[in-house]
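Below you'll find only one chain, the form predicted alone, shown as structure tokens.
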Amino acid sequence: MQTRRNFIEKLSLSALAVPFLQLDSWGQPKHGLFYEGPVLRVALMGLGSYATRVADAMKDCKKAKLVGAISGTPSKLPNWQKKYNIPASNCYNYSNFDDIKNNKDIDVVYVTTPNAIHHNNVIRAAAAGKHVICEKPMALNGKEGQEMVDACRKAGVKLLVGYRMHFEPNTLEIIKMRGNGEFGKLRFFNGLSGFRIGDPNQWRLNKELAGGGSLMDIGIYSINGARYMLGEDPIWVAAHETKTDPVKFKAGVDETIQFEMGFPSGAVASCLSTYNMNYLDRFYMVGDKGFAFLQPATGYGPIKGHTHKGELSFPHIAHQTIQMDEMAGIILENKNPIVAVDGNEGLKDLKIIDAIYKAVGTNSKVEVSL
């Protein structure tokens, strides 16, 4: 005879089993459920504000764990050891960083340093036999980007780029709808990316460290967004720069750039990148059968969206939490993401940025070959 205790135990086990079967709309396990499997062991390189954001988000990861820290300011390391329970043996400065090759407790180095240092950081990490995640833009230009891709390929390690929006649920829903033909033939994309930048002495306004201005920081979101929303790569660009404050935005540091991109299908993108206007974080795409609208489109969230079918209302999870768990799957399990996040994806954006700066300098349409 079945006792009341037997019944409750069986009911409890059934309830516990349900989460293992829950999938999202892409057939992937829903985030936050119980996980048993390989864990990606991550060392963050460049312990600034964004690295802190990533570290805090990783506390909720299932497949990735922060285990190391690398800083050009060694005085930061003790605080990071204490705050994130990082052993001293997994902490490095820029001088002894190459010793990481002997550390079997670290799988990947996540580079969050200023743009100009990415090239050196990534190549050194690859030479040490570590996989690499690099923040965007991946480098200062296409030449550097290609060298980084080549170095990682030669070393037999993966190179990923911190495209967190490639895993964001509202964004992925629009990409899914586009793939299903729900917007019809796509005609137009509009991307607005900008904010009013503060401290004039920060590295983002230093040409030597940033490689440019707003386009290298916030504008890349509209470049990349146009590509993943429309589902194709541009074949030409045109651009115009506006500068109202040449003291704050010195030579080689763009304040505002308006740019257009043309695509093989005939679709056109019109975009704005600026360091001198707030409230600019919007994507809009229209086709013959419908539209998609995101605002905020790329901020840290929550992302808000609408389509011709109604509001998008996916729950918000820190982007970096989802990103790191998904990247763990890519590195450890060879999973294929819905939208690419590898070095070749980062290289394409760099080539487009090169073309936009060329278009600004020549005041002419520039062909793009990716």
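Note that this is a predicted model, so its numbers are computed, not measured. Each residue number is its position in the shown sequence, starting from 1.
What follows is about the form predicted together with a further copy of the same chain, which we do not show.
**Q** Quick check on this chain: which one of 148, 230, 269, 111 has a heavy atom within 4.5 Å of a further copy of the same chain in the model of the complex?
**A** Checked against the cut-off, the match is 269.
**Q** Which of these residues, 187, 248, 176, 143, gets a heavy atom within 4.5 Å of a further copy of the same chain in the model of the complex?
**A** By the 4.5 Å heavy-atom cutoff, the listed residue in contact is 187.
**Q** Residue 289 versus a further copy of the same chain, in the model of the complex: is there a non-hydrogen atom within 4.5 Å?
**A** Looking in the model of the complex, residue contacts with a further copy of the same chain include residue 289, since a heavy atom lies within 4.5 Å.
**Q** Is there a non-hydrogen atom of residue 196 within 4.5 angstroms of a non-hydrogen atom of a further copy of the same chain in the model of the complex?
**A** Answer yes; at least one heavy atom of residue 196 falls within 4.5 Å of a further copy of the same chain in the model of the complex.
**Q** Using heavy atoms and a 4.5 Å limit, would one call residue 207 a contact residue for a further copy of the same chain in the model of the complex?
**A** Close contact is absent here: in the model of the complex, residue 207 is far from a further copy of the same chain, nothing within 4.5 Å, heavy atoms only.
**Q** Residue 166 near a further copy of the same chain in the model of the complex, any heavy atom under 4.5 Å?
**A** Outside the cut-off, so no.
**Q** Thinking of a further copy of the same chain in the model of the complex, which stretch from 90 to 98, 213 to 221, 128 to 136, 261 to 269 has heavy atoms inside 4.5 Å of it?
**A** Stretch 261 to 269 is the one.
**Q** What I'd like checked is whether 73, 79 and 158 together line a further copy of the same chain in the model of the complex, meaning each has a non-hydrogen atom within 4.5 Å of it.
**A** The answer is no; none of 73, 79 and 158 reaches a further copy of the same chain.
**Q** Could you run down 336 to 370 and flag each residue that has a heavy atom within 4.5 Å of a further copy of the same chain in the model of the complex?
**A** Residues within 4.5 Å: 363, 364, 365.
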